[in-house]
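Before any questions on how it binds or moves, here is one chain, the form predicted alone, in structure tokens.
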Amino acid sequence: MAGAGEDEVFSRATHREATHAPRRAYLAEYVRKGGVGAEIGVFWAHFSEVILREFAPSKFYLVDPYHRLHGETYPAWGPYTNRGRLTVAETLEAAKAVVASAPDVVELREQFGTEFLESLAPETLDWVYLDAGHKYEMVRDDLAAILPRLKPDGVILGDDYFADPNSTHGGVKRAVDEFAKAQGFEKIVGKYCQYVLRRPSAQTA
């Protein structure tokens, strides 16, 4: 059972994503500055802040179903969600704060990834950062939905690509590997379990 000390220190500022998100800033080197992009799977918006600052998008969609998926509180994913005590309202408030910081650029969509993507015209997005459902079928379906909405020189970036296919998030690796092979995308596996998928001809400005 968690002690009182754990409850007291659990906050957005002390959450592990507060440390992990800035480490992913290097992904900006694969993205065209001033492009149109989407982060699918926003959670507490730690990386959203990094994306807005480092990617310098002209349009940035924050996509997460929030209450539609989780109800009022997140599942008990150990310390990540304070053992099920983290409320969706808390994380949603942070996403709305990112929107408020750049209202002409950032738009919040409380939707599932595939639902959001289906609402876009073909070849709308310069980049997508995918960090939503991590089961194989979920990642497979999200990647399939991203493809027609991605510009010819667009890139897909994502989280939790672990080399061990038997890891907790082994479905990410399987889906990403299959997609890259089937679609002829170059796959780059970077630091902190990040991945980049791009067509061999894609160049960043």
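Numbers follow the displayed sequence, beginning with 1. These numbers come from a predicted model, not from an experiment.
This next part talks about the form predicted together with a small molecule, which is not shown.
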The listed residue (59, 140, 70, 151) that reaches within 4.5 Å of the small molecule in the predicted bound form by any heavy atom is 70
Note: exactly one of 156, 31, 175, 63 sits with a heavy atom within 4.5 Å of the small molecule in the predicted bound form, namely 63
- Query: Thinking of 24, 80 and 111 as one candidate spot, does the small molecule come within 4.5 Å of a heavy atom in every one of them in the predicted bound form?
  - Reply: yes
Given that the partner is absent here, does residue 55 sit within 4.5 Å of the small molecule in the predicted bound form, heavy atoms only?
no
Is residue 40 close enough to the small molecule in the predicted bound form to count, meaning some heavy atom within 4.5 Å?
yes
- Query: Can you check whether residue 95 is within 4.5 Å of the small molecule in the predicted bound form, heavy atom basis?
  - Reply: no
Review point. Would residue 47 sit within 4.5 Å of the small molecule in the predicted bound form, counting heavy atoms only?
Key: yes
